[in-house]
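To begin, one chain is listed below as structure tokens, in the form predicted alone.
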Amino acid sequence: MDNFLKAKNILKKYNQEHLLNFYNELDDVQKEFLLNQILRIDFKQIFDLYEASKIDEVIPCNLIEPLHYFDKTKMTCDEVNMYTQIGEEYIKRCEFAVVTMAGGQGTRLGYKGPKGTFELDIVPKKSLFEILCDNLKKANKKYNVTIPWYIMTSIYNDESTKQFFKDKNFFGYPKDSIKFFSQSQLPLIDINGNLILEETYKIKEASNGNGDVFESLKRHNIIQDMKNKNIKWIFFSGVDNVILDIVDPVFIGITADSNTLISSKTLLKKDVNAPDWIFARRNGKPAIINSSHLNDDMKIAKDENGYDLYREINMLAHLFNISAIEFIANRNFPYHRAFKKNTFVNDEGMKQIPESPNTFKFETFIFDAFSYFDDMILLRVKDDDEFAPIKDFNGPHNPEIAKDMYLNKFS
């Protein structure tokens, strides 16, 4: 049976025959691309995810418990010095690495290109990648090392990201110490349960979330590369937080000293009724949960020392031991469904821009790794010190605010 008949039978089974509506209008190269894509996609997986994601999770309050955290601003000088010394030893022994998750585009910023290439309007202008690189070079100089830098891209920005680094001469960073790897992707489904076309010959897919980073590290032999380099601790973050301390010996030291394998930096949830998800134990395991599962008393609860019990929110700054990464790279993460606005090819073969969200995207999240462990460390930091992400032009995390916070910290 040729590929066309195989693809046609698959599409018929899942009621997706519309994906071949323009097949006769395609050239041979385009036909081959579309057929190969159809044969590659796991349609059963995507429709199982679609059905499973309709079920809302319910977590009874009695299954939720607090997670202990350290408050960096309340540490004594002796504590800071002790943890700093522990963390610095790992850095000096070249046992520390950084992973930057940079699979996104700058769409919400109205910017065409990988989000990491977006420039902050300072003098001179610097891309988000260069700002991260500056932090690494500063640490390299301080500790007389070269920290390995691993950058996760996506199918949509992999080549352009690599070319950007080449054009910028890797910002003066030793290029042998920078490795790129690409995450996986999944098709999008519209509100009628149909996959959509990005082009008449191409099914629209999107990156499957930052939780794919572990399996992608394994798939591209990055975990083995880390082990070959004797790396013990790996810091994970996104590409858009311009003041995050990505080489933080205190954070490394606290985690290593606690004998846990994972840790996260957190921020104080200022409005207890805000929808931000919070760190807590769920069924005895570390997790990030929707705060809607908390009752009113839990939202404001404190311990006997005045520490908040359910106010730590995620800022996408995590530290993992290499053994933890090896373990979770072989585990299946749950998928979460997000409702997004995506351009599609309509019945006339023309690209159409929807006025409102029209498709479901399925993503895994890095924080779902936490539930595979018995404990983790949280380190609360101040927003002004470490949280200035660039998300869009109109929200609270826009380029102008990030620029001001960056200049306040580094000028």
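Start at 1 with the first residue shown and count on from there. This one's a predicted model, so the numbers in the text were calculated from it and none came from an experiment.
Omitted here: the form predicted together with a small molecule. The next part is about that form.
For the chain shown alone, L120 is not a contact residue for the small molecule in the predicted bound form, no non-hydrogen atom being within 4.5 angstroms. Contact annotation: H18 falls outside 4.5 Å of the small molecule in the predicted bound form, judged by heavy atom distances.
Taking non-hydrogen atoms only, G238 approaches the small molecule to within 4.5 angstroms in the predicted bound form. Shown alone here, M101 lies within 4.5 Å of the small molecule in the predicted bound form, counting heavy atoms only. Remark: all three candidate residues (R108, K115 and K340) come within 4.5 Å of the small molecule in the predicted bound form, counting heavy atoms only. Contact with the small molecule in the predicted bound form, judged by any heavy atom within 4.5 Å, is made by just one of G209, G87, P286, P187: G209. Q183 is the sole member of Q183, T266, T161, T255 with a non-hydrogen atom lying within 4.5 angstroms of the small molecule in the predicted bound form.
Residues within 4.5 angstroms of the small molecule in the predicted bound form, judged by any non-hydrogen atom, belong to 239-247 and to none of the other stretches in 239-247, 195-203, 141-149, 272-280.
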